[in-house]
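Here's a solo chain for you in structure tokens, the form predicted on its own.
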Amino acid sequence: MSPQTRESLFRALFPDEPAYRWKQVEQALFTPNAKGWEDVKTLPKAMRETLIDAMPWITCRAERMYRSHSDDTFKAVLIAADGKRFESVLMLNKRGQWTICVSSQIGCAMKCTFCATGAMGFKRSLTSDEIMDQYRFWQAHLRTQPSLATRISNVVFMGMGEPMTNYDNVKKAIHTWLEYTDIGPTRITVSTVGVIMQMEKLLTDDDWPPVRVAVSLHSANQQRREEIVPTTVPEFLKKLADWSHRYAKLKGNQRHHITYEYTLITGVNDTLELAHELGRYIRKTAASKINLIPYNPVAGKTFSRSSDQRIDAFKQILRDYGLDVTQRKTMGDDIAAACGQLITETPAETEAKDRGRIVLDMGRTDHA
């Protein structure tokens, strides 16, 4: 069972308060200089005192934090109120600002064969508070680092879990960020492995925020896709292509194109034949972009990253089909923070220390 949300707890504590009080609370949570309820002067003193005793200022605290040798990536192991752990990543982007890779669940049920998170299995979904507080956690951390840029400009749902199977909490967290931060909707990307039922819901949901959508494809061959992503439904590729055109018609535009993510794994999905198959398939979908992701090693997995030569050849074939192709820059792989590497309760954390990586042990202290 997920923890109680802040809003439900607040309304239980103050059932007779007018609706605007909760709005004041939400706004206070994103006030840069506020470090606790005692700083929220828009609330009556008695209310602040009750909140100090009854409602934590933030829903998660850092047990450990890792910093990459290149100083462009941080990973935090966060502990929720029920003691369960999940991870969140902060990455420097090309604008010299920060992108948060947020988790939407603890563990994942999608079982992608190359992914560390999938090996955890599914523990539970994060609440909207736990999702939105990853922004607040990193915002507070950056305020303690005077040598670093302070603005968080982007959020990507590419951490632990499948966002589409935590649809309502993901949507609520996004709406809260859009209302109380300066992050615009096209700076938020929701990445899904392709949960068709929930993607169909998105098309008819007038309240779905105008954020970007990415689909983790990994193969344009149905059988190969099922081997890589065992939860793939029958005729997935046909259904996805059809969905893409309806998405483009209803919600798409130049800044809301679909991005197809494709992790390149040696001998699994990086052959030139599969590159041609991918090129032919993407041309049948709506206007889109392909983001190639070199595989990041995961402890206990026998997969390996495609060579630079094979990646370049794969990329060129796609470009010959007239497709927009980019290659994701690998960041944070030295602290197990790169794509597919997020996992808790494994020897990877010990290995990070043994290899001399920069590790900040936050112990049992709060980080708010």
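Start at 1 and count along the sequence shown; that's the residue number. None of the values given here were measured: they were computed from a predicted structure.
Beyond what is shown, the protein has a form predicted together with S-adenosyl-L-homocysteine; the following relates to that form.
- With the partner removed from view, the residue among I79, V298, L202, V268 that has a non-hydrogen atom within 4.5 Å of S-adenosyl-L-homocysteine in the predicted bound form turns out to be V298.
- This chain is drawn without S-adenosyl-L-homocysteine; in the predicted bound form, the residue among I293, V213, I174, L274 with a heavy atom within 4.5 Å of it is I293.
- S-adenosyl-L-homocysteine is not shown here, and in the predicted bound form it never comes within 4.5 Å of any heavy atom of D133.
- Interface residue remark: E162 is counted as part of the site for S-adenosyl-L-homocysteine in the predicted bound form, having a heavy atom within 4.5 Å.
- Contact annotation: Y167 falls outside 4.5 Å of S-adenosyl-L-homocysteine in the predicted bound form, judged by heavy atom distances.
- Among heavy atoms of V193, some come within 4.5 Å of S-adenosyl-L-homocysteine in the predicted bound form.
- Not one of K75, T99 and I152 comes within 4.5 Å of S-adenosyl-L-homocysteine in the predicted bound form, counting any heavy atom.
- Just one listed stretch, out of 137-145, 113-121, 81-89, 244-252, contacts S-adenosyl-L-homocysteine in the predicted bound form at the 4.5 Å heavy atom level, and that stretch is 113-121.
- Taking S-adenosyl-L-homocysteine as it sits in the predicted bound form, the stretch 261-281 comes within 4.5 angstroms of it through a non-hydrogen atom at E261, T263.
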